[in-house]
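Shown here is one chain on its own, the form predicted alone, set out as structure tokens.
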Amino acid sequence: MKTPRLSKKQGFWAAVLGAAALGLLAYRQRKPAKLMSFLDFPEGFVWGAATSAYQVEGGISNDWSAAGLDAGQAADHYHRYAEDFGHAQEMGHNAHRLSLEWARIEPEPGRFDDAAIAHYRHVLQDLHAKGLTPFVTLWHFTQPQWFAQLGGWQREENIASFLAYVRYVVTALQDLVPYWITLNEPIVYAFQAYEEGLWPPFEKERSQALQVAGHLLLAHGRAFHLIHELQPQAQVGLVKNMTALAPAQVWSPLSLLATRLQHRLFNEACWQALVSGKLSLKVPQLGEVKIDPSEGLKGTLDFIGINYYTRNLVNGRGELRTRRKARTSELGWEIYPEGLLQMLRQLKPYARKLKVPVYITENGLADAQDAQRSQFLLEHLAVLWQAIQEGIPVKGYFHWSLMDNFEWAEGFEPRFGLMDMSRRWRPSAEVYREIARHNGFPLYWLSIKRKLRRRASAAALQHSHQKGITLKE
């Protein structure tokens, strides 16, 4: 099979434009990677999409539904999971990230539902049958109502309830799950639920946020040891959101200081604690959180999970802003692929010390018209390729999300899916399919002008299919 032919002139300008695009995306790189006409990813690279139970399954009663943020039937993935995994398989995915719903599995304290765990066995068996490796998240923001009524993550003693759930699930499913994720974005949850008051339990006691974050890190460490006790060969990780931060006023000492403080809190403290086993963090107006080395947190990672979406500017009051005239998603989030490379470069020393690989466990944008998603994918994957050339051990990428779903406090309006809830593929799903199937993409795809990118990408794919050719030899 041969690559689609370009004239000499077209080839020259495609190479020039593609190289320029990659150069811009590899922001301030110190050691430029060797220019390639095709951005190849390492053999065995993981390609997939991500979902979480409450956002897609439907029919769940938990602390969110009790608080009035009811996902209802969501995308009915509970009944249509085999169909959905069939779409993922057809899109060329070789893995899928999903979560289990604690409230289904343990509806009352100490009473585990055998039918619920049997359902999840069927889900996991179907993934394996379709050649999709499961990455299973044990906690993705939601919990049983009874756990919330006991004080939830505000009380350290409640970690024991989470560990009982972990023991039951891992014992029942360990033969089907090679990769466990203990927690999803614990710092985001702590501040959204206890500082901003946007998520259940809608607290605005700022001192609680750091305390909850500390308890979640303790829960991760204890769950890590428990899972390895039950399943020694398991790969256990934590998923952490990382956001690129920059001062809103580079001339302002207050803006610079606020940016540094927020970067340490939201992007560094967690990894420092997991590398050293201790944490001592004091934040003005938020209080202090401490974790002693005796807690056994040190090195409790077999892999690192990173969720990356955007960049924020930080002003002197610590408020987050979006850069003026920036490209944004429908949620107003800046599209800033360079930030992913920045975050991975900052993460590299921690990954080296821990000797663990990195997976991009979420990356996507709200884009109902699918006007920007294809270019978003290409640009973020280009900087991911650059990170790999720099020796950062990235082993996989999960796009958020497989389908439109319930986006927490924002409800159903934001559309992050490669397909909608009627299971209609968006054009970007075709682009991602070609990338996953060929383990990379041609450099010249980056040079497509934005206003024409959807038409050009679709035409290129149609041409390739009609001619029966692949993207590379």
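In case it trips you up, residue 1 is the first one in the sequence shown, and so on. What you see is a predicted model; the values in this text were computed from it and never measured.
Below, we turn to the form predicted together with a small molecule, even though it does not appear here.
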Of the options W425, F45, W408, Y444, which one has a non-hydrogen atom that comes within 4.5 Å of the small molecule in the predicted bound form? W408
Just to be sure I understand the contacts: of H140, H96, H77, R311, which is the one whose heavy atoms reach within 4.5 angstroms of the small molecule in the predicted bound form? H140
Under a 4.5 Å heavy atom criterion, is N307 part of the interface with the small molecule in the predicted bound form? yes
Taking the small molecule as it sits in the predicted bound form, is N184 near enough to touch it, meaning that at least one heavy atom pair lies within 4.5 angstroms? yes
Quick check on W333: any heavy atom within 4.5 Å of the small molecule in the predicted bound form? yes
Since only the chain is shown here, I'm wondering whether E101 would be in contact with the small molecule in the predicted bound form (any heavy atom pair within 4.5 Å). no
Could you tell me which of 400-408, 61-69, 428-436, 37-45 sits within 4.5 Å of the small molecule in the predicted bound form, going by non-hydrogen atoms? 400-408
T133, D302 and Y359 all contacting the small molecule in the predicted bound form, non-hydrogen atom within 4.5 Å: no
